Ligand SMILES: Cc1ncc(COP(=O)(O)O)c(C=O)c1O
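A lone chain, given as C-alpha cells: the form predicted on its own.
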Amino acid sequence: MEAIAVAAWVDGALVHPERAVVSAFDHGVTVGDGVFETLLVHHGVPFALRRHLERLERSAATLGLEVPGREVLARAVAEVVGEVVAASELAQARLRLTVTGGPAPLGSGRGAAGPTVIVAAGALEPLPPTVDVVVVPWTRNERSALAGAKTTSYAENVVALAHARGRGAGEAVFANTRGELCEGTGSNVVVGVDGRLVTPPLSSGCLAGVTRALVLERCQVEEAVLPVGALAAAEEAFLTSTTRGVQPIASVDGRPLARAPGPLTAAAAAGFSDLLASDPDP
C-alpha cells in the first residue's frame, strides 16, 4: 500500500503536499547532501522528538551542514503534526524532517543560499508481525566519512532493499568490512545470544538508532561485536526502528529462526510498547 501524503512544511510555511517543491539545483537533489529524521506520530504526538533532533544535529555536524535552531525545527514539526491531526484520523503517522545543503551550483561544492528545510507527514503503512531478512553481498564501511550519520545519500539502501524484496524478504542486513554484523537498511539488529540480547556497537558502523538506544536503556539489551553469521545461528532476533518498533525476525536468508518471537524478543517488545504508551519524549 502506498503511503498517503497528509501535510508538508517547506522553508518556513505549510504548503499543500502536492505543491511541496524544492529547487532543481538543491544540493540534496543533485548530490544527496542532506540529513533527515523519521519520527513516529503516535495518537497525534511525535515520539522521542528531542532524541531525533539531537541526532539530526549530530548527523549535520558530520557533514558540516548548517541546520536551523532546535526551536525552529520543533515548531515546524508541531505545525505539521497539527495538520495531520486535523486532516485525518490516523492513530499513527510517519513524519520526516529533512535538511539539505540548499540551492547550489552544479557540482560538489555548496552554495551560499543556506539550507532547505522540509517536514512532511503521511500515513504509516501497517507492518506484518514478523519480518524475513536477507544478508546482502555488500558491506557497510565502518570507516566511511558518513559512518553513523543519517544522510539522504540512501541509494545503497535502495539497492540492498530491492535485492532483499526480490528474494521475498522485508529487510536487508549488512555486515561491515570486518565481517561483523552491522545493521539493516533502515533498522538496527538485535540477536539473542546465550540467553541475552545483543546488538552491534556503534563502532561497527551502524546508525545510532533512537529505538535502538531506548531498548538498550530499557529492555536489557547489551552491545557486543558479533560475526554476521550470528544472526542466522540465533534462536531469536529482532529489528528496531522508529516505524518498526520491535519487530521479530522470522527467517534469515530463507532459513527460519527457532522462535519468532522468542521470549527475549517478546519481553523487549512489551517493554517498548509500555514506553510508547507512557512517555512521548523519553
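All residue numbers are counted from 1 along the displayed sequence. All figures in this text were calculated on a predicted structure; none of them were measured in a lab.
Note that the form predicted together with the ligand isn't included here; everything after this is about it.
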| Option touching the ligand, based on a heavy atom within 4.5 Å in the model of the complex, out of Ser204, Thr116, Thr130, Thr185 | Thr185
| task | Check whether His52 has any heavy atom within 4.5 Å of a heavy atom of the ligand in the model of the complex, and answer yes or no. | result | yes
| request: Look up in the model of the complex whether Gly209 has a non-hydrogen atom within 4.5 angstroms of the ligand, and give yes or no. | output: yes
| Is Thr30 close enough to the ligand in the model of the complex to count, meaning some heavy atom within 4.5 Å? | no
| query | Does the ligand get within 4.5 angstroms of any non-hydrogen atom of Trp138 in the model of the complex? | reply | no
| field | Residue stretch of 117-125, 68-76, 149-157, 130-138 approaching the ligand in the model of the complex, non-hydrogen atom distance within 4.5 Å | value | 149-157
| Stretch 256-279 - residues with a heavy atom within 4.5 Å of the ligand in the model of the complex | none
